[in-house]
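Single chain ahead, written as structure tokens, the form predicted alone.
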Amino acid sequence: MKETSVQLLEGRNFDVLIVGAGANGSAAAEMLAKAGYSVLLADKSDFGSGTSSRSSRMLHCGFRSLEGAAGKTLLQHLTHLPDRLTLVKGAREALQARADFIGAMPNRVRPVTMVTPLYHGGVSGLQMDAAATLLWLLGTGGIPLDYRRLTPAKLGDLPFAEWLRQRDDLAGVVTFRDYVFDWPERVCVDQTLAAEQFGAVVCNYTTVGALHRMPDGQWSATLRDAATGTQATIETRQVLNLAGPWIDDVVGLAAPKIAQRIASSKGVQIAVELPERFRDFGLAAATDKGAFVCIPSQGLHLIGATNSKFSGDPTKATASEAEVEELLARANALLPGIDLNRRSVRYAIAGIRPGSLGAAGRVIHDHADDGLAGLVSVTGGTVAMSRQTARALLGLVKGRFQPSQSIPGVHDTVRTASVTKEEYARTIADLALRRTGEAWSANFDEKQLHAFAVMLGDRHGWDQARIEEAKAEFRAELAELYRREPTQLSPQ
């Protein structure tokens, strides 16, 4: 697969320019290209390397959306009916998103059994039964919920039971089916490659350096290759700003004084190794410090997440030692006997949530009200809801103009996108984190690291010194961003 030279884009005209190739941008590119629109997808870094790469990795069945209603009386429900209906709407959207995601990418998700403890004085088993019935009535899209409620005496050898039993206030547990995507970066890459199959032009390591609306209503954008510095100016009818926490920066290219749309927060997760029999089991619980989740991922379990306000460069977000210790303390309090300590942590992920300022959930901002007709931004988007977001954007564009191209022939989409390990990959991080996912596994070692470096070296003509330099750069990235020390890589 040949990379697109930025220079060759000079003077080209596209129906849609999408800025940001995370889960939302890549999904939108795929759907728009499939509908016949000429699409240019550009990301200033690699595909899926931003906030999508540090997501929670969960496809929720809807229980979390109903958490705000749990434990409330009938009178409280009736006096806060609009709020309750909003929660029900969120649960229905979560169910729809889950079914859509699984149907589109069955090879990128897998089912897990989630265990949720119930405590005396908290949400009752009957209330959880009612929530499960509501989810069933809302429609699960043909995806089983597999809901069960168990008393402490019936837990048997259920994973997590031996630790939960040590709490005197345990009233029982419920179990249900959720799904995880071990590898959100690969989801982004797959969708990007699917968009390309339908005719989109896709460019990683390509920045948008200038953006302005012309008198005829078209938009002009200047692109720059981050590696070579080559530039090109293109025109487009519609700009979709899906740059995550950088959304305000992109809008600022067109109008520096436009009001802020992003409210960023940081969430930290830590990866620990649990016994093999826990591989297909996770745990979710409500605590006095918010939701606690422990989910299987790539042979490890991710525990999280913290929640704190964030300002600064999202690419430099890291987990502090205090945040790591907080998650360890929460895990040990919820699961007496798990006995996690600092040495248990294989790595830590700090993700920036590009939330919507002054609003909850996803918001689609039409900047026509700002005098920027043809520019649309999305805040509060998630990986799990990315296909719903893409479908909404497709509807928006369709309402404005028809595609300039005939609808392309039906190719196989995400399900059979090439898994070649050099799909637009320029760095070891591109290969190890986003094309193969090997670096997220418990067994990633120096031998694999060296193999990736040699693979890239063969492609780019690196000498031995450059190969060793690339390996050192990746070790430094693991240590800086994920608190994974080089010594944690097994020797060759």
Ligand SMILES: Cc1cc2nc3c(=O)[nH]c(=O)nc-3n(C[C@H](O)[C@H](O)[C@H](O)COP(=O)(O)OP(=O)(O)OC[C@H]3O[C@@H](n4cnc5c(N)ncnc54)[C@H](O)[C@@H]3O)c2cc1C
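Numbering starts at 1 and follows the sequence shown. From a predicted model like this one, the values you see are computed outputs, not experimental measurements.
Below: the form predicted in complex with the named molecule, not depicted.
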Quiz item: Counting only heavy atoms and a 4.5 Å cut-off, does the named molecule in the model of the complex sit next to every one of Gly172, Leu327 and Leu335?
Solution: no
Quiz item: Of the listed stretches (261-269, 356-364, 164-172, 393-401), which one has a non-hydrogen atom within 4.5 Å of the named molecule in the model of the complex?
Solution: 261-269
Self-check item: Sole residue of Ala42, Met31, Cys61, Ala425 within 4.5 Å of the named molecule in the model of the complex, by heavy atom
Solution: Ala42
Exercise. Would you kindly say which of Thr382, Gln238, Gln298, Gln197 lies with a heavy atom within 4.5 Å of the named molecule in the model of the complex?
Key: Thr382
Quiz item: Hey, in the model of the complex, does Arg435 get a heavy atom within 4.5 angstroms of the named molecule?
Solution: no
Practice problem: Mark Thr206 yes when one of its heavy atoms lies within 4.5 Å of a heavy atom of the named molecule in the model of the complex, and no otherwise. | Solution: yes
Practice problem: Answer yes if any heavy atom of Gln448 is within 4.5 Å of a heavy atom of the named molecule in the model of the complex; otherwise answer no. | Solution: no
Quiz item: Taking 4.5 angstroms as the cut-off for heavy atoms, does Val250 touch the named molecule in the model of the complex?
Solution: yes
Practice problem: Using the arrangement in the model of the complex, list in sequence order the residues of 43-60 with any heavy atom within 4.5 angstroms of the named molecule. | Solution: Asp43, Lys44, Ser45, Asp46, Ser49, Gly50, Thr51, Ser52, Arg54, Ser55, Ser56, Arg57, Met58
